[in-house]
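There is one chain below, alone, in structure tokens, taken in the form predicted alone.
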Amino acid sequence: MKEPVLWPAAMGDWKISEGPTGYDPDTTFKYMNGAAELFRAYNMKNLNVLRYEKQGRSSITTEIFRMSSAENAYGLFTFENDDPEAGIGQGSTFGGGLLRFWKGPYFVSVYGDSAGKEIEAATLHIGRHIAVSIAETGKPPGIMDRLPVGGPPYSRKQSWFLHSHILLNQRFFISHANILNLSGETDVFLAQYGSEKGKLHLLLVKYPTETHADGALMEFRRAYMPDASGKSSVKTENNRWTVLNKSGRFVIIVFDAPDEALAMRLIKATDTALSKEDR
């Protein structure tokens, strides 16, 4: 598969020993088995894999994913972003010998098969070269910059952009069933906030149309809030509050708020942050 990405044929004593080998969304399963679902959920277009070796000993694997958009590359990157920033691409992490970064519609991972400063330096060097060779840039989903930042503490590292209810459950479990009718056509924004009384989560879902949002809201009420009697808030079994609202084609839900008033304020702030164009 031809890509407008230039990977180095060699980095000092490190030379390509295998690849590039190309995969599409269907054949990616042959390379990574069940793990391919994560990348497919972010609408990957293709993957190129290369391996570098130094004198037939240690190896460094490089995986270059082209996604359908910069937003999906960003979302894939943020799904696992606990390690320190590495200053590569438009966002990166490096820890345990694994470099991850995104730039434009690309998500890249580079990792060695052994530990040590030399292989870590080579890993970072390869990553920087690839990042510089990617001419395209992009932006995260615009709404991420407009999520409420006042009130409870909020960290960008504890916010995620995704599409699948399976991935949503891995960050905050709601239901085994897809009760919010999530699909590749829905944009999901999840942010974790802190308070003196514990964590709460803000969920913002953008549907293709207002009709889709109405249907999802009805399904969520039926499955998650059957005893709410049509109200927009309910006190759950853990003695915390779930509050919801709809704004055009957006559904806004706050989970696990310590009190109803705090959840209402967060809902209102989110609604205010949405522009007319968003809705």
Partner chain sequence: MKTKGAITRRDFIKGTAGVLLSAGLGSMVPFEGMAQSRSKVILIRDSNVLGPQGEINEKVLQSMLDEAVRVLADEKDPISGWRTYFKKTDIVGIKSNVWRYLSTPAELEKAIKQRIMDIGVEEKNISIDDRGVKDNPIFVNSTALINVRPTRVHHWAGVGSCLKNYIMFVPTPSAYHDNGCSDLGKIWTLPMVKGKTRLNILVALTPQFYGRGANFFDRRYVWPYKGLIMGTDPVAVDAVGAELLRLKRIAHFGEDRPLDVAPIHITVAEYKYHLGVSDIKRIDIRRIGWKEDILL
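Numbering follows the first chain given and starts at 1. Source: prediction; values computed, not measured.
This protein has a second form, the form predicted in complex with the partner chain, left out of what is shown; the following refers to that one.
Practice item. Tell me, please, which stretch of 206-214, 66-74, 246-254, 228-236 lies within 4.5 angstroms of the partner chain in the predicted bound form when heavy atoms are compared? Key: Answer to the contact question: 228-236.
Review point. Within a 4.5 Å heavy atom cut-off, is Asn43 in contact with the partner chain in the predicted bound form?
Key: No - in the predicted bound form, heavy atoms of Asn43 and the partner chain never come within 4.5 Å of each other.
Check your understanding: Any of the heavy atoms of Thr27 lying within 4.5 Å of the partner chain in the predicted bound form?
Key -> It does not: once the partner chain is placed as it appears in the predicted bound form, Thr27 has no heavy atom within 4.5 Å of it.
Check your understanding: Is Phe172 close to the partner chain in the predicted bound form, meaning a heavy atom pair under 4.5 Å apart or at it?
Key -> Yes, Phe172 is a contact residue.
Review point. With a 4.5 Å heavy atom cut-off, would you call Arg222 a contact of the partner chain in the predicted bound form?
Key: Judged by the heavy-atom cut-off of 4.5 Å, Arg222 is in contact with the partner chain in the predicted bound form.
Point to revise | in the predicted bound form, the residue from Gly97, Pro141, Gly194, Gly184 that sits within 4.5 Å of the partner chain by heavy atoms | key: Going through each option in turn, the one that passes is Gly97.
Review point. Of 66-93, which residues get within 4.5 Å of the partner chain in the predicted bound form if you count heavy atoms?
Key: In sequence order, Phe79, Glu80, Asp82, Asp83 come within 4.5 Å of the partner.
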